[in-house]
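The chain below stands alone and is given in structure tokens; this is the form predicted alone.
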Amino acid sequence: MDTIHACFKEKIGEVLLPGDVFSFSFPESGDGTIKTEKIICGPGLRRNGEEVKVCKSGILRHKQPNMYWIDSQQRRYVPAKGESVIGIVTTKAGDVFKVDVGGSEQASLSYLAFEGATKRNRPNVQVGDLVYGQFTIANKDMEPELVCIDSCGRANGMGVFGADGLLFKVSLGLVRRLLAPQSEIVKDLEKIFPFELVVGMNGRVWVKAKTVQQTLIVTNLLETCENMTSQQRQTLFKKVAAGFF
């Protein structure tokens, strides 16, 4: 593991470009067999034997114990199985809704993929509604499929939402920062005033505060703080809080 980490450690926090390669060899154990070590390659990295290739430009990040990924400002979304996204219902086609998820093609959403839905008890979904769902199928050879229930058949926060509020788009890098456990950005924003926040892995963010003015302030702050350091962000938030109250 030390051999692998040594290759990455000196590059953590630096900007990498597509085509960069990390090469490492595994040490042999006492009986002559080669010991392989587990390493998790996140977005932007692709492993091939004893090499890890960079396939996306951005900053190399690390999470203990053995996860590495490229933090980029990418906006184009590629659907992935298991990811939760915000979609916009575009059409009704028989028993299936077509949903725009920001990918290269629309996803399908069955009317039975809602909590408590049956052939008689159909969900009230209209064209233009926002839905929060999860991909069950997402690969290059098949149409993506969404569901609004978990493995136990419960909604668990998914389904139609978005009465009032504001929907906007941010980079996928900022989305990962907002969805991180104990996100500093969300914590700092909550100190200004309360709000509701829904974040999709496809780069869409929905915000609703007590008033339209507060909703617009939260939206502008989220879009502005994307390229700020922690100190710059906290200074900005304090100025906004002081001026608002």
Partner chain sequence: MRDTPLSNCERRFLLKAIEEKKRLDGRETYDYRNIKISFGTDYGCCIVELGKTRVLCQVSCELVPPKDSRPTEGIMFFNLELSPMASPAFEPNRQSELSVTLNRQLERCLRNSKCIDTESLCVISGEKVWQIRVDVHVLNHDGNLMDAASIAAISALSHFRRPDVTIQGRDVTVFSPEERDPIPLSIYHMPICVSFAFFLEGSYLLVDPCEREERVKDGLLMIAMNKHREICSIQSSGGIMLLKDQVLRCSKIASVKVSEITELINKALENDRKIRKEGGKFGFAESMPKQRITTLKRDKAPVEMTDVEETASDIVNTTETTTEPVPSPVLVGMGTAQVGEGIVNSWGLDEEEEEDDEPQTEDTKTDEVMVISDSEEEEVVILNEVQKSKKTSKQK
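Positions refer to the first chain, counted from 1. In this text, rigid core is short for the largest set of C-alphas that superpose within 1.5 Å between two forms. In this text, all values refer to a predicted model and were calculated from it rather than measured experimentally.
Keep in mind that the form predicted together with its partner chain is not shown, yet the notes after this line are about it.
Visitor: Candidate spot V127, L167 and L216, all three in 4.5 Å heavy atom range of its partner chain in the predicted bound form?
Guide: Every residue of the candidate spot has a heavy atom within 4.5 Å of its partner chain in the predicted bound form.
Visitor: Would you please decide whether R76 lies within 4.5 angstroms of its partner chain in the predicted bound form, comparing each non-hydrogen atom pair?
Guide: Yes, R76 lies within 4.5 Å of its partner chain in the predicted bound form.
Visitor: Is G159 one of the residues lying within 4.5 Å of its partner chain in the predicted bound form, judged by heavy atom distances?
Guide: G159: no, not in contact with its partner chain in the predicted bound form.
Visitor: Whether D100 contacts its partner chain in the predicted bound form should be assessed with a 4.5 Å heavy atom distance threshold; does it?
Guide: Looking in the predicted bound form, residue contacts with its partner chain include D100, since a heavy atom lies within 4.5 Å.
Visitor: Would you classify W206 as touching its partner chain in the predicted bound form, given a 4.5 Å non-hydrogen atom cut-off?
Guide: Yes, W206 is a contact residue.
Visitor: Using a 4.5 Å cut on heavy atoms, which of A138, A117, V147, I88 is close to its partner chain in the predicted bound form?
Guide: By the 4.5 Å criterion, the partner-contacting residue is I88.
Visitor: Only one of S183, N220, N66, S57 gets a heavy atom within 4.5 Å of its partner chain in the predicted bound form. Which one?
Guide: Flagged contact: N220.
Visitor: Of 171-179, 128-136, 149-157, 109-117, which is the one stretch near its partner chain in the predicted bound form, taking non-hydrogen atoms within 4.5 angstroms as near?
Guide: Comparing against its partner chain in the predicted bound form, the contact stretch is 128-136.
Visitor: Please determine whether the C-alpha atom of L16 is displaced by 2 Å or more between this form and the one not shown following superposition on the rigid core.
Guide: The answer is yes; the displacement is at least 2 Å.
Visitor: Rigid core aligned, does the Cα position of D71 differ by 2 Å or more between this form and the one not shown?
Guide: After core superposition, the C-alpha of D71 moves 2 Å or more between this form and the one not shown.
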